[in-house]
Each structure stands twice: as structure tokens, then as C-alpha cells.
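The data below hold one chain only, encoded as C-alpha cells and taken in the form predicted alone.
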């Protein structure tokens, strides 16, 4: 008897099962009950896949070589918070900055956040619209990563954030340019494949002391309170360029002091303090030497001394008389005694 062949997942012809019948409920019997259920129905937002992804913003987040561990963790936190971001390998420090535009074109990204490290202690951040611009260069200060803060807040990974800007962003034109640049870069596009249909955290950009302070807060469901999640950092604006990573300068911060100059001022201030201490010590030595009293000299010793009369000055006009040399008396007496004998 030939072996019985069947398809994968199939069944023998003798063991065929009947399809389950579908029962359709009669809606005409209880229309009132259906209406009551609709009033108490909880609507759930549609899945992301059913929407149409129109705003195709992609952000490339990478850095140059020479960054420290804190910058690496902060860069990873930004990639986690921004599902529309992409990563790339570190760029060599010898390469020019316009090479970043080619990398963005290869990665199919139209926005870029580039971290540039110098001297292994200074961190600069570029936020650019590739390839036509504008772009802005910042000095990053006071970095605190997501793992370092250990905040109580926690948000869903891939959720879309709300962007909150300080009213000062509308007061000056260069801040208005930065506001639009931040809005296009940090906002997650709607219906992005990697995003979630929830809005449960807020990105805040606050201007204080001529710097931009970045904070990330979670929105609590109970009373809509804000709890900080992290990361946090401060951006000190240096320049705003018309092009991407270069071009004509639209704005230059007059209050910006480079880190090298800041460290030089600290060294000069320390040297001035040391010189001031040395001068104070020398003055104290001079005061001590001048105020010493000579105890060996008696101040009251010349109280009863009377000054002598002044003798008139005699001027000799004639030569003095020659002195008479007296002969030795002992030799004369000796000769007399010898003559008597």
C-alpha cells in the first residue's frame, strides 16, 4: 500500500473537521442595551500602523572621536528618547565638518546632532538642518545622564514628547530660529513606525543666564504633575550659521567665553592671589625691621653732658721752627766715666 501523502499542516481526508459556524447576534432585540454600552465605552487610540506617516524627519546622532563616558551615555539617552533618530560610527577628528552632510545623505537623514570633543574635556554640540541649514553651535555644560540622576520618573520608550519653550524664545530673532530648529529636531513625527501613540513626557527649553537649559519631565496620570526623568544639560550658544556646519554667521554670542580663556582667567586669578600674599609678607617684614628698638644704647646717657666751648680756628702763615734733637744722656755720662778712668 502506497504511503499516504499530505501537505504540511494538513490532515487526512478521513478526519476532516467541519468549519465552525459564525453566529451573528440580532441587534434588533436589545437596542437600548447597545446604546448604554456605547456611552460607557472606553475608546483606545488606533495603532500606529493604521495611520499614514507623512512627516518623515530623521535625525542622525553621532560624535567625533575623543569623547568621554559621560558624553557617550548622554548620546545614548538622546537616541532612546528620540525613536526617529539614527546612529553612526564616530567621525575622525581630522575630517572637516562638511563631511557630516555627506554622512547625513548616506543615512537618509535631514537633521543632525553632532557632538564634537576637543582636548578630551570640552564638548561642543552642533544642531543642523542638513544640507541647506541653518545650524547652531553650542558649548555643552553640566551634563547629567539618565542613569546618573536616578530620578523617580519613568516614561514609555518610543512615546512622543511635548515641547515646552520659554517665552523669551519669541523675544529675539536668533532665539526664534533656534526654537524652530529644536521643534523640527526633537519632536517625534506622528505615526512613526518606531513610535508609540502616547504623549507622556515633556521636553522643556528654558533660557536663563544667557544659556538654554534642557530638562525632561514625565506627565503623571493622576494629577498631571511633572516628575523629572533626565537627562539634563545646559547649552551655551556660540554662533548661528546660515548653512549646514558653516556658511555666513547669522548671530554670534558676545557674552560667550571660550573654555581656554576661562581656564586662563582662573590661572591668572590664582597667580594674582599668590603674588598678593608674597607682597603682604614682605611688607610685614619691613614693618618689623623698622620698629625694632636698640636696647644696648642708653637714651639717658647724654642728658648731663655740657657742650664744650668752640675754639677759634688758627691759620699758620709761617713754617714751624725745627725741633731740637736732644742727645742721649746715658751715652754722655758713659763717655765721661771712661775719660776719668
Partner chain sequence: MIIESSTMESEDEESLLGQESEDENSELSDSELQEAFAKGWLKPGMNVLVDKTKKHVNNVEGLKQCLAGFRKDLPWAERLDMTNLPAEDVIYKAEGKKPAVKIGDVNPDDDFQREMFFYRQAQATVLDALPLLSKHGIPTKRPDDYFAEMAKSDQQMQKIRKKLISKQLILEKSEKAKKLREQRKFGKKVQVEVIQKRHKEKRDMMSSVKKFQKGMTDKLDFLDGDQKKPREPSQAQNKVAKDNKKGPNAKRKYKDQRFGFGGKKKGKKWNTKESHNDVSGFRAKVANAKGAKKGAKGGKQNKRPGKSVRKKTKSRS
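These figures come from a predicted structure and were not determined experimentally. Residue numbers count along the first chain shown, from 1.
Below, we turn to the form predicted in complex with its partner chain, even though it does not appear here.
Although the partner is absent here, residue 198 lies within 4.5 Å of its partner chain in the predicted complex, judged by heavy atoms. In the predicted complex, its partner chain sits within 4.5 Å of a heavy atom of residue 229.
The shortest heavy atom separation between residue 124 and its partner chain in the predicted complex exceeds 4.5 Å. Shown alone here, residue 94 lies farther than 4.5 Å from its partner chain in the predicted complex, counting heavy atoms only. Exactly one listed residue, out of 235, 240, 74, 113, brings a non-hydrogen atom to within 4.5 Å of its partner chain in the predicted complex: 240. Only one of 265, 141, 258, 154 comes within 4.5 Å of its partner chain in the predicted complex through a heavy atom, and that residue is 154.
Residues placing heavy atoms within 4.5 Å of its partner chain in the predicted complex fall in a single listed stretch, namely 185-193, out of 116-124, 98-106, 266-274, 185-193. Taking a 4.5 Å heavy atom cutoff to its partner chain in the predicted complex, the contacting residues in 72-87 are 80, 81.
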